[in-house]
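Single chain ahead, by itself, as C-alpha cells, in the form predicted alone.
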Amino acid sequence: MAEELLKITNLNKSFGMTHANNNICLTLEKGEIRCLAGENGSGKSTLTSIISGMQPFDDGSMVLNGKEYKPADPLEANARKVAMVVQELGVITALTGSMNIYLGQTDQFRRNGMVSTRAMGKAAEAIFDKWHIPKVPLGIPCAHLTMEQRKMVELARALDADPDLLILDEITQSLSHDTRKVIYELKDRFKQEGRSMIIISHDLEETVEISDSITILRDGEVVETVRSDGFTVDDLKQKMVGRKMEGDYYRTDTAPSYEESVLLDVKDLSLADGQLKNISLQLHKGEILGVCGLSDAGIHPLGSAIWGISDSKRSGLVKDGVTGKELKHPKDMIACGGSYLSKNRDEEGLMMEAEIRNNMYLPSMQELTGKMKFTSPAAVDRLAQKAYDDFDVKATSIHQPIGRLSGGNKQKINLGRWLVKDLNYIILDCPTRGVDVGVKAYIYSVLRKKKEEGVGILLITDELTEAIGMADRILVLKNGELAAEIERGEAFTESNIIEVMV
C-alpha cells in the first residue's frame, strides 16, 4: 500500500463573500502525480498557494508526512520540502537569475560581511546540473531573459528546496514544445524517487496523459478525484463544466480559405542578435497564419519585431498591405488598424493595478479624444462596458482592479480591448496560454468570427494542435529562419510539423 504524503481535510478559504475553497478534501500519496482540473476561478490556484505557504487558510487541516502542516510563508514550506512554480511570472526582473533563486537565502554566501555573487552563481548552476534542466544566463538581470528562461529560473528556485512535493501551476503553457519534454522527464524522475507533484494544466490532453490521478474542482469545491487510466478528455470536460460540451472548438474545414489581398507584408526581417534571419511573410485578408517552432526558433521575437518593440535592432521591411506605408513603430501599425498581444500578458499587456475600465479603453484613447483634446469619461465608460459585456468578463464591474481576476478573464480583457476596435490585422502570441477549456473555446469562436469579417490574424503558438486546428497556413521557424510553409490540407499533421521543427 502506498504511503501518504499530504492529507487535506475540510479546508476553507474565503475572500470577502467569495468562497475560493470550500471544504476541500484531498489525499496525495508518495510518488503520485496529481493534476488539478477546473475552469478559471474554480479554486485551483488558491488551493496550491495555500499548500505552498503563500497564503493562510481559514479553517480545516493539512498533514504532511504525518505531521501538522500550516506554513506561514513559502520559506517555511520549502523547509518542509514543499515548493511551487506559480502561473504568472514570479521573478524580480531587476535582479539576476542567481539572486532570484536565492532571494531571502543569501546569508549562506556571505563572506567577510559581503555576499559572494560568484559563489551564488556556482551554487545556482549546480541546481541546473543536478536536475538536468536547460541552463540560462544567471549573471544578468531577468529582464533580459525570455519568458521561458525566467520559468527555468523559477523552476531551479523550487528544486533547490529538494522538494518531496513540487507544485507546477501552468508552467508548461509558458514553454516550447521541446522544453516541455524536460518537465515530463522531471515528472518521471520524481515518481521513481518517491516524490510527488501537483500539476495544473489547461491542456486537457496533457492533464490526462501525464497524471496518475486528477482532482476536479468547480466553484471552489472538489467534484471528484479520478484515476487517469481510462479517463478521457471528453469525460474531463464534462466533469469540469458540469455539462456535456458539444462539438469541437477548432475549425472543421480541411482547406485554406482567405482572400488574395495582402494586409501585412514582411520582407527580409532580421534582428541584429541573430534571433531572426531574413524572414518574409504575407498575411492576407481573412487569413489565420500560424507560426510554430522550438524554443530557440524565434517565433516569439517575430511578433514583437513586426510590431516594432524588439530589444535588438531590426532590419528588413514591414509594410501595410493596403496603404503601402512602412511600419516602423507600434503607432504606425495602430494607425493602419493593427494590434499585438504579447505572450507576457501581465508585464507587457495589461496594467495590473488599474481598473478593468482603464485597461479596456487605453488602445482606443485616440479615437475617444475629441477636438478639445480631452477624453469624455462617459464615452470611456460606454466603450469599457461594451467590451466588458461583449467578451463576457466575469467580475464585479468595470471598476474592479484587473489584478484580482482569473487568468481567463484577464485574457478576455487583453484581447477584447483590441477587438473592440475596427482592426485590419492582429498579431497574437500564445493567446490561449493559461486559460481553461471554456475560455479557450470562446477565444477560438471570436477568432473565427474575425476571420469571417476579413481580419488577418498572425497566430504565434507553442501549441501544435492550436495551429493545426485554427490556421490556413503554418510557417515553421527553425534557428531564426523560415524552414517550411505548410498549407491546410493532408500535410497538416503534428508529425509533419515536428519533422521540420527538429
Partner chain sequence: MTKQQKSQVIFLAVFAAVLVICHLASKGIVLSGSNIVNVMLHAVFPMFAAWGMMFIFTGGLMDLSVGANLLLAGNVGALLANMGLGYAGLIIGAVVTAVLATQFTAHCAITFDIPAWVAGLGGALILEAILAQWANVMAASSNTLPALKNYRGLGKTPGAFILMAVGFVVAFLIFNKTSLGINLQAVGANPTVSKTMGINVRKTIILSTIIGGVFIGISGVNDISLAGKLSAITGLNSLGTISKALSATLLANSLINIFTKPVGIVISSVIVALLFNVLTIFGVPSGTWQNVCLGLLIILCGVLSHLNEKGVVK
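Remember, predicted model here, so these are calculated numbers, not experimental data. We call the rigid core whatever largest set of C-alpha positions still superposes within 1.5 Å between the two forms. Numbering follows the first chain given and starts at 1.
Form predicted together with the partner chain: not shown, discussed below.
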Legend entry - 4.5 Å heavy atom contact, residue 99 to the partner chain in the predicted complex: yes
Legend entry - Distance check, residue 260 to the partner chain in the predicted complex, heavy atom within 4.5 Å: no
Legend entry - residue 417, heavy atom within 4.5 angstroms of the partner chain in the predicted complex: no
Legend entry - Residue contact check: residue 193 to the partner chain in the predicted complex, 4.5 Å heavy atom: no
Legend entry - The unique member of 311, 162, 326, 209 whose heavy atoms fall within 4.5 Å of the partner chain in the predicted complex: 311
Inset, instruction - Could you tell me which one of 233, 119, 317, 103 places a heavy atom within 4.5 Å of the partner chain in the predicted complex? - result: 103
Legend entry - Output flag, 74, 113 and 275 jointly within 4.5 Å of the partner chain in the predicted complex, heavy atom basis: yes
Legend entry - Partner-proximal stretch of 222 to 230, 262 to 270, 167 to 175, 142 to 150 relative to the partner chain in the predicted complex, 4.5 angstroms, heavy atom: 142 to 150
Legend entry - Within 454 to 487, the residues that have a heavy atom no more than 4.5 Å from the partner chain in the predicted complex: none
Legend entry - Rigid core fit then residue 118 CA moved by 2 Å or more between the shown form and the other one: yes
